[in-house]
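Just the one chain here, laid out as structure tokens, in the form predicted on its own.
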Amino acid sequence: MLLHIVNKSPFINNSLESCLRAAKKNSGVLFIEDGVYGALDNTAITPQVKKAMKDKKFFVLASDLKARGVSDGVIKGIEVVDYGGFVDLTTQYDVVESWL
């Protein structure tokens, strides 16, 4: 299984869209840094993320949400994780790929 890490805002480049096209069933997607904007509900990218959630697991880093003042409003079903959870994810998945 593959864990995809997205650290760029989906509103400034297309790394999240590319990630969603490439991610296979049962992959994980972790939003960090400015990538956390992709985890927010009621945005232009929300429908694509919700569709991908049907067969992929999504996570978002709590401290990056907090640092950007957007802790509320995460799409229902996306798991908010702390740094320990981030580390756990990197060990649970066979391969980790970062989308720049």
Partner chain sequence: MKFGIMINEGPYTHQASDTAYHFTKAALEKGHEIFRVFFYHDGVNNSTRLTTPPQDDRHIVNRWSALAEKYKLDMVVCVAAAQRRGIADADEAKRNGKDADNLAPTFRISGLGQLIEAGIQSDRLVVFGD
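Just so it is clear, the structure is predicted and the values come from calculations on it, not from any experiment. Numbering follows the first chain given and starts at 1.
Another form, the form predicted together with the partner chain, is not on view; read the next lines as being about it.
Among residues of the shown chain, residue 11 is not one whose heavy atoms approach the partner chain to within 4.5 Å in the model of the complex. Using a 4.5 angstroms threshold between heavy atoms, residue 88 counts as touching the partner chain in the model of the complex.
In the model of the complex, the partner chain stays beyond 4.5 Å of every heavy atom belonging to residue 41. For the chain shown alone, residue 84 is a contact residue for the partner chain in the model of the complex, at least one non-hydrogen atom being within 4.5 angstroms. The candidate spot formed by 37, 52 and 55 lies out of contact with the partner chain in the model of the complex, as no residue has a heavy atom within 4.5 Å of it.
Contacts between 6-38 and the partner chain, taken as any heavy atom within 4.5 Å in the model of the complex, involve 7, 8, 32, 33.
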